[in-house]
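Form predicted on its own, single chain, as structure tokens, below.
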Amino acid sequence: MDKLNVYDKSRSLYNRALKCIPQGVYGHLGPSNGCMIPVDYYPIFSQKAKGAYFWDVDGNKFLDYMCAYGPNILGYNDEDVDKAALAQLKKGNCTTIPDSVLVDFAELLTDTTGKDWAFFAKNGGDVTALSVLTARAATGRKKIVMVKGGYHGVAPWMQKLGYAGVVEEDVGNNLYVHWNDIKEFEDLISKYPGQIAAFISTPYYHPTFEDNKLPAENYWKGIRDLCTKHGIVLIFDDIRCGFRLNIAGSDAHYGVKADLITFCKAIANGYNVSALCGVDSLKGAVSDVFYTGSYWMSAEPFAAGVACINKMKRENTIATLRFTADKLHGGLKEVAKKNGREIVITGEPVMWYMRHTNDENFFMHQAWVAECVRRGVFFANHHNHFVNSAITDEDIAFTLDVADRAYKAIKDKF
């Protein structure tokens, strides 16, 4: 019999949360904004995680292809990373002056990425914001060029006019171009001569609710050449896919050198740390920016980051991720075909976006995803997905079985 999850404890806990937490669970992780459709097919609160899986408060087990929206790259509670973090925690974590592991982590990160310096914070948005401040400090210019549909965090300048709390002054110096359109960038340079501080973009186009797009041939070379020619700082926002495409960063993967590159997500396998890395010519500018936080020098995440990056290097994790992703995608396409469906997978294989053809309103795709979730495979219906190195062949076989059962569950509805 097809076993379906129930979420009684999650619902009870959520009702409690609504009384004392905005939206119960705010942001993209909650049912209000997380596109959990229908809501009662999804868990809301977890109680533990290990390897490729997490368990909710009702005891349901989920094979997790969201990987905590990216931080889980080696598997939840990786023993080597956790051991290093715990050892550091016993020595000291948040102290008046930073622990020496700060230097160890910075040296490792600069050596790994080929950049000249590293500045640490906590969230991805911390360092994308710092990257823009640094570019403005270095150039004395105001305007920032971004790709339409891109996402760089939740600071006011990163959002759009019309969003709650965002005013015109917040976004007045933002300029936008379409992905893969070098000519639009060139036109903006001509329109605003000597006024553009930075071009910031993710390494490839990975918005929500839309097919992901890789850079066209010579796209990044063209952007790099224009930035160099006109004194514009090139920023790679590698928060989401950093260390999944190339251990040196996604600029290396695409054959260019960014002036600034931001990391978070996979940098420490879930421990809360982010980093901005840059070239030597911007070291003075970033030093001039007043930028700090109460816990940005916490030593535990630094130790976790050292262990995580060293393990990824030692085990060639990137190759493992690619192999796993290719096998999974091939299987999903076959299962879809067997059920008279066609699944479309775009983006980089290790961080892919998927949808179905002949489903313009997403209703069928949402229904299929929801049926997978309540059978123990956690997909999202609108966001990138991720693989981690703890996923096994048995896990993939389980995924494909669930996918098949989910198609059969929606057959009469669509």
Partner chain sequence: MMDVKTKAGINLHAVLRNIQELCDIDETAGNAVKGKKITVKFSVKGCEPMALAFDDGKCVYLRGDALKEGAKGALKLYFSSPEKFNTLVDGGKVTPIPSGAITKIGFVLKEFNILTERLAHYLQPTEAEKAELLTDKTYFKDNTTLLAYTAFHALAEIGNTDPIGREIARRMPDGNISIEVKNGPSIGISVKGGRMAAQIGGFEKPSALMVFDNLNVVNDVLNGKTDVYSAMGMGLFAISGLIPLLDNMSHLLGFVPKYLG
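Here the structure is a predicted model, which means the values were calculated and not measured. Numbering follows the first chain given and starts at 1.
In what follows, reference is made to the form predicted together with its partner chain, a form of this protein that is not presented.
Each of 15, 31 and 366 places at least one heavy atom within 4.5 Å of its partner chain in the predicted bound form. Stretch 34 to 42 is the contacting one of 34 to 42, 50 to 58, 344 to 352, 63 to 71, since its residues have non-hydrogen atoms within 4.5 Å of its partner chain in the predicted bound form. Checked against its partner chain in the predicted bound form, the candidates 280, 217, 79, 168 yield a single residue with a heavy atom inside 4.5 Å, and that residue is 168. Taking 103, 289, 248, 161 one by one, only a single residue has any non-hydrogen atom within 4.5 Å of its partner chain in the predicted bound form, and it is 161.
A residue is said to contact a partner when one of its heavy atoms sits within 4.5 Å of a partner heavy atom; residue 382 meets this definition for its partner chain in the predicted bound form.
Within 4.5 Å of some heavy atom of its partner chain in the predicted bound form lies at least one heavy atom of residue 361.
Although the partner is absent from this view, residue 209 contacts its partner chain in the predicted bound form, with a non-hydrogen atom inside 4.5 angstroms.
Under a 4.5 angstroms non-hydrogen atom cutoff, its partner chain in the predicted bound form has residue 23 among its neighbouring residues.
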